[in-house]
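We begin with a single chain expressed as structure tokens, specifically the form predicted alone.
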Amino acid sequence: MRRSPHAIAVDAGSSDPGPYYLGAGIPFTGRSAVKRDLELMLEAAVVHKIPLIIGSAGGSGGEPHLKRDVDLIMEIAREKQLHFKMAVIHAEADREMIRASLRQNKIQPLGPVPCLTEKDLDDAVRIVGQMGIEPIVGALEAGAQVIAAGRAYDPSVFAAPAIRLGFEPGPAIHLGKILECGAIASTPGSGSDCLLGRIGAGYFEVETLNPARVCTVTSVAAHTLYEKADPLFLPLPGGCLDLRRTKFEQAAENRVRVTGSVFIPAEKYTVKLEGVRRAGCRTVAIAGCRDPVMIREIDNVIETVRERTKDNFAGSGLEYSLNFIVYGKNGVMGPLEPVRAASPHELGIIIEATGDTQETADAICGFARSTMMHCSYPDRIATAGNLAFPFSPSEFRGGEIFYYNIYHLMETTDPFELFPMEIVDV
């Protein structure tokens, strides 16, 4: 705050933790940790009379996630006796509005996913749109000092204040791309430190605030490529960043200057939709194996357990799936693992059973765990159990599971259409 920033912003969410949190309506960040961060940011913003902008509030940016963070803001305001105008921008989508767009052929897959159907809409537990910069600029124009936004394009909370003041969208959005993960764009990287951004005519600069870290040309350029399939064109709501002429320069020991980033507007404005469907319940068991003979025969053991489970529950009518993740043998990359000749001395085995109900998942996982523990295999000498269990009970209920069934782009003529805003005097 001694550097007198014009805004404080935080990208508070992501789809990285997977579909569960969006479907369950549960934030993937803890309440006490978020309150601690919000107290620092909120008090600093109000005292210094600058905006605080929060994007993808509550993690997934749906209505229950947004409400958690808004409630925390109100709670802190009462405790600290703070007064301010707050904009709440909603991002949970009206599925009938989406249905109308679908019938007008205005929705396309984003990447290698199937075309959207009306059944997908009906099956979806929750759908959010990823807002661009415009709704946040609108909130600033409305006089909001604190902005709590639902699901948002990550750089938008950082780019919006600069674009509102008239700076070019290319450098502003690229600046937001670097700031979105804080000091991860520095060396050594950290997800726990802030980063300071400064923008001028045709350029921006980023620098660390912790003397233990520095921004370098390599660290900032690398973060430009972070989570991007194309190093030169970065798509975003309403267009893309063209980085073909971008240059990175070491302006000081801990500061990097970036020039040449250009925003190219799209012919049609599109909003990314994220939606999830419920897919049943999960139960898992975690075990270890150190028998070199079983390690050698592990593929046969797994296939035997699958067949015995299938035979045991034949005719039961249970709908289930049974999955084995073997760490030490392709557990991370599965069939894509290039290293095939490794000879591990121990394996970590996760047995995952899913079913339409928790009871089904429990039954399948319990049977598979017991069968694997006592499964016979060629050259087996031990007559006791095959597996070592680090925990008792050995099975854990994973609860409901969700899968993404909507990951599409929706055309819209109005960047505000999916994102209603309310103003609250706190």
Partner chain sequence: MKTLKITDMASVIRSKNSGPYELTFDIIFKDRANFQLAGSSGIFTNKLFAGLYGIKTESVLNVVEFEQANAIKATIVRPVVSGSPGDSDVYGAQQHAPLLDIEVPVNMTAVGK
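Fair warning: this is a prediction, and the values are worked out from it, not measured in the lab. Numbering follows the first chain given and starts at 1. Definition used throughout: the rigid core is the maximal C-alpha set that superposes within 1.5 Å between two forms.
The same protein has a further form, the form predicted in complex with its partner chain, not shown here; the description that follows concerns it.
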Interface membership of Ala100, its partner chain in the model of the complex, 4.5 Å heavy atom rule
no
Does any heavy atom of Gly23 come within 4.5 Å of a heavy atom of its partner chain in the model of the complex?
no
Even though the partner isn't displayed, in the model of the complex is Lys80 close enough to its partner chain, meaning a heavy atom within 4.5 Å?
no
In the model of the complex, does Thr412 come within 4.5 Å of its partner chain, counting heavy atoms only?
no
Of the residues Ala142, Ala342, Leu225, Leu165, which one places a heavy atom within 4.5 Å of its partner chain in the model of the complex?
Leu225
Of these, Gly197, Gly331, Gly182, Gly239, which has a heavy atom no more than 4.5 Å from its partner chain in the model of the complex?
Gly331
Out of the stretches listed (245-253, 204-212, 131-139, 154-162), which one is close to its partner chain in the model of the complex, meaning heavy atoms within 4.5 Å?
245-253
In the model of the complex, do Ile302, Gln358 and Ala388 all reach within 4.5 Å of its partner chain through at least one heavy atom apiece?
no
Of the residues spanning 13-33, the ones with some heavy atom within 4.5 Å of its partner chain in the model of the complex are Ser15, Asp16, Pro17, Gly18, Pro19
Does Leu336 move its CA by 2 angstroms or more between the shown form and the other one when the core is aligned?
no
